[in-house]
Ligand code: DP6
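This document opens with one chain alone, in structure tokens, the form predicted alone.
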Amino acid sequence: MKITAIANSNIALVKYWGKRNEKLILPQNSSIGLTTDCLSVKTTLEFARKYKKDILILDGKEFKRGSEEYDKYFKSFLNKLRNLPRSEILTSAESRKGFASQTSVKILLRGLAKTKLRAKAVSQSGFPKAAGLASSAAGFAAMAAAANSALNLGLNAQGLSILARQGSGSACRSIFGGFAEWQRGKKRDGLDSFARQIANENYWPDFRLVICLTSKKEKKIKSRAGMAQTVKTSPFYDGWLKTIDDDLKKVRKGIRERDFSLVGKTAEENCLKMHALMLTTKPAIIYWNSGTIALIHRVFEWRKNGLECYFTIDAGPQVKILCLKKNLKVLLKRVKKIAGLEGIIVAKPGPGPKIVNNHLF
């Protein structure tokens, strides 16, 4: 079947930086993020006998064997997909209840090599990719959702989260609308590493992210490579891990109680700690540019003068400013005065992936 899915980027409020298992994409720490309503990727995926090789087209450009996008991301994900069972492992009835048993889950990830068909995937994104906006989270959440339908896998949300995670870590959070927490898990096989929804997209309608694009260029150091180098070389990494549980507890509590100050303050502090890790990596990883630094200082200044807002920055130069709807108009007016910005996007809590009928090919 040919299936098209749309999924949205999930922006981390409590970051993850570093993996304990590169192959299964298992994180060193848990994380919490917000699925947006506007940073979307649309993907059409088809498995068919007519394809003699796997085909990947992103925003009109075909990526072929030998490219990082094809080999490390797309092909790796498809190989894992081809080792998934059909829906008899997880029936629709079981999906409503969650996984039927640990045995079923283990079969799910060990695989039965049921699908050997080649695939064609065509994706379009409405925002810059590889620029610190979690485009891979949206992309692999969409691909996981499309594959689930195309191959009749019958996965529930938990199963989809595990599947999406194996394409891109943050994608496991994009499976859920609103606010979601990706649980680190402890098992070596990754069966307990998936996301859970904290609150859906309708729970906190006044929450906003003002995404300030300081550069649309693709970053030179991809997140996967940067994380691996940080874990190996940053002298502060152990300290980072020791503080994460407290950050998670505060942000989780802040979301549930709609305590904007608690969420914003903790998210900003967490972001700065993550970038401190990057700065102390050998060689140093510096994603910020002059626009990033200018916005950081402006947010400090605006908050000091009574406009409550906070920032977060992922692995890129873009600054996401957290605010409430009541302060959005004033904040936008000030942001628009900053010279050099290449774009401004206003996001609010958005939904998880959806299947649509209008295909890309």
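The first residue of the sequence shown is number 1, and the count goes up from there. Please read all numbers here as calculations on a predicted model, not as lab measurements.
Beyond the structure shown, there is the form predicted in complex with this ligand, which is absent from this document and is the topic of what follows.
Remark: of stretches 142-150, 218-226, 189-197, 247-255, the one touching this ligand in the predicted bound form is 218-226 (heavy atom within 4.5 Å). Between the options Cys323, Ala315, Val319, Leu39, the residue in contact with this ligand in the predicted bound form by a heavy atom within 4.5 angstroms is Ala315. Contact check for Met274: a non-hydrogen atom falls within 4.5 Å of this ligand in the predicted bound form. Contact check for Thr281: no non-hydrogen atom falls within 4.5 Å of this ligand in the predicted bound form. In the predicted bound form, Ser123 stays away from this ligand, with no heavy atom inside 4.5 Å.
Using a 4.5 angstroms limit between non-hydrogen atoms, Arg20 is distant from this ligand in the predicted bound form.
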